[in-house]
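The form predicted alone is given below as one chain in C-alpha cells.
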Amino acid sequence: MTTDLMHPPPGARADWTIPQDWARYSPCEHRVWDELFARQSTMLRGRASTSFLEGLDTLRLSRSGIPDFEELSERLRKLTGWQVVAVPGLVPDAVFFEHLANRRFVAGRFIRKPEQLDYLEEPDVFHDVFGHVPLLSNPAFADYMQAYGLGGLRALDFHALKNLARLYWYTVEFGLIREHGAIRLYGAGIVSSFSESVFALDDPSPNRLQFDLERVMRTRYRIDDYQQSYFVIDGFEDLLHQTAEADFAPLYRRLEGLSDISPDAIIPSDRVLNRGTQAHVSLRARAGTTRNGSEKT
C-alpha cells in the first residue's frame, strides 16, 4: 500500500488506476475470497439491507473466486452507470472524489492472508468489492455516492474534509438502515466484517441513533475498534434527499463554530433508538487493550 500521496506510484496512471491483473491471483487467494464470501453471505441473510443482498445476486458476486473488475463493471454499468477500477492503495482526496463524481469506484486489488480473515487494518479487495459494490446497483445509493464525490470536490475549497469524512464513515462504511420496521446493515465496514455484523445489530453496547446530517458531521469516530454509535437512515432515497438538498456552504461555516461530539455521546436533540451501555469499550479499558480511538484528520 502506497504511503506517498504526492505522485502516482510506478506503474499507475495519472488518475492512480492500475490494471487489476486478474490472472495473477493464486489459487490460495481465490480460496480466501471464497471462504470470506461463504461466511459473510450466509450470516447476512436477514441482517443486511434488502438492496445489498439483491446487489450480491444481481451482480453475480459469488463464491467462485475474486471477481474480474472488467466483467463486474460491465454488469454494473448496465444498472447504474458505475464501474470498478483498481488502485494501488490509498489515493489523494481529490483523486478519490474525482473518481466518485464520475461513477468510478476505486478498489484495492490485493486480498488478505488466510491468517487475517477476522481482522485487517487496511481495506482489501474483499472489503472494497463485497462490502461496497453491491449497493452501487441500487439507483438511489449510486446517486448518493456520485453526489458525495461532487460534494467532496467542493469541500476541498472549504477545508471541510474532516466533516465530510465523518459523513462517509457513518453512512457508506458503518451505516444502518430501517426496513419494514427492523434495523438492517448496509455500511461496507460492517457487512464485510463477521464480528461487527453481529455487534452493530445485536450488542447492547453501542448507541443507535436516528441519522441527522449536521449531527453526523460533528461526530468523531473510531478507526481501530467497533463503533460506539451507529446512525440509522430511513432509506437510501431519504439519505440522498437529505444530502442532495443541503446547502453545504453555510453548513460548513456553522460547523466551524460548533464543538465536536464524542463517539459515545448522546445529546439532547438526538432521537435515540437504543441507548448503549458502552460496555465493550469499558471492558477493553479494564483489560488494558483499548487502543487510541481518534479519527484520522
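Here the structure is a predicted model, which means the values were calculated and not measured. All residue numbers refer to positions in the sequence shown, first residue = 1.
Absent from the display: the form predicted in complex with 7,8-dihydrobiopterin (HBI). The rest refers to it.
Using 4.5 Å between non-hydrogen atoms, is F199 touching 7,8-dihydrobiopterin (HBI) in the predicted bound form? No, F199 is distant from the partner.
Is D93 close to 7,8-dihydrobiopterin (HBI) in the predicted bound form, meaning a heavy atom pair under 4.5 Å apart or at it? Yes, D93 is a contact residue.
Taking 4.5 angstroms as the cut-off for heavy atoms, does A165 touch 7,8-dihydrobiopterin (HBI) in the predicted bound form? Result yes; A165 sits at the interface with 7,8-dihydrobiopterin (HBI) in the predicted bound form.
Is L176 part of the interface with 7,8-dihydrobiopterin (HBI) in the predicted bound form - any heavy atom within 4.5 Å? Because no heavy atom of L176 falls inside 4.5 Å of 7,8-dihydrobiopterin (HBI) in the predicted bound form, the answer is no.
Selected contact from Y170, W82, F130, F97, since only one has a non-hydrogen atom within 4.5 angstroms of 7,8-dihydrobiopterin (HBI) in the predicted bound form: By the 4.5 Å heavy-atom cutoff, the listed residue in contact is F97.
Which residue, Y148, F211, F126, Y226, is the contact with 7,8-dihydrobiopterin (HBI) in the predicted bound form, using a 4.5 Å heavy atom cutoff? The residue from Y148, F211, F126, Y226 that makes the contact is Y148.
Have a look at 83-91, 190-198, 176-184, 67-75 and name the one stretch with heavy atoms inside 4.5 Å of 7,8-dihydrobiopterin (HBI) in the predicted bound form. It is the stretch 83-91.
If you apply a 4.5 angstroms heavy atom cut-off, which residues in 101-116 are near 7,8-dihydrobiopterin (HBI) in the predicted bound form? Contacts from 101-116: just V106.
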